[in-house]
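Only one chain is shown below, in structure tokens, and it's the form predicted on its own.
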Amino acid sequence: MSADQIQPFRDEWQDPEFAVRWDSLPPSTNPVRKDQLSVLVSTIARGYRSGDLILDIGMGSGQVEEFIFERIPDAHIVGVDSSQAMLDIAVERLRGHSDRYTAILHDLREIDTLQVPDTSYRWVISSQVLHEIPHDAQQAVFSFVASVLPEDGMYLYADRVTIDQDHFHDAYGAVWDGWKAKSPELIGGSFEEFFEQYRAKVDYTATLDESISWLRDAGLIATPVHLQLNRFLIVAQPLR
């Protein structure tokens, strides 16, 4: 299919049926997600102190919260998301932890009007959500994060990254082939089929350099701690 034949589409996060389908997607749709979530949660667990508050910008269906509660049963999380359909799934997933989290329905494109309990969060996370909002809104989120992080706080930011497939197609393909050889039961299809799903998707990925630059502009020093193919995990802290 040529580029001019591809029909643009958006993810329908407000649609309950779409939300359920997305939540049940197999690991092959994002082979690196499990590894990144493990690093994210382990980072929090390593430095967590009793009483720390965690803010999740883009809580979605509560998958990340489930991992956190497995490692840190006494954690308290405030989760924000723009999809009631996703938050409804989170209610079911986190039923055993209903006293440990608070969910807030709010459009992340309007982060400036978000009001959250308390004013300081030692841990702020966002996982696979900011590419859904325009670049200026992403930068506004980073400024908001900087405003709620204390001096010893940390922001863990996992997302899709813009990659240069035209110049480095073979190298990216080699990464995919390695994943498939290691876990053939999890990863189906070819490298080309994997990337075909993103060609028509309307979203707002950024390059690694852009994201780190925007974080610094917001007053945060940042570095990638996990980067594979088209997914990164960045950690950031207030500039001192």
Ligand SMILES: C[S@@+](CC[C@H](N)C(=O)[O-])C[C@H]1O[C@@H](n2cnc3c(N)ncnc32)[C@H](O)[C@@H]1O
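Note that residue numbering follows the sequence shown and begins at 1. Keep in mind it's a predicted model, so treat the numbers as computed, not measured.
Note that the form predicted in complex with this ligand isn't included here; everything after this is about it.
Remark: all three candidate residues (W22, G58 and Q128) come within 4.5 Å of this ligand in the model of the complex, counting heavy atoms only.
Checked against this ligand in the model of the complex, the candidates I163, L108, M154, A90 yield a single residue with a heavy atom inside 4.5 Å, and that residue is L108. Among heavy atoms of V145, none comes within 4.5 Å of this ligand in the model of the complex. A residue is said to contact a partner when one of its heavy atoms sits within 4.5 Å of a partner heavy atom; K180 fails this definition for this ligand in the model of the complex, lying far away. Proximity of V64 to this ligand in the model of the complex falls within the 4.5 Å heavy atom cutoff. Residue contact check for S83: one or more of its heavy atoms lie within 4.5 Å of this ligand in the model of the complex. Note that among 114 to 122, 165 to 173, 146 to 154, 129 to 137, the stretch whose heavy atoms approach this ligand to within 4.5 Å in the model of the complex is 129 to 137.
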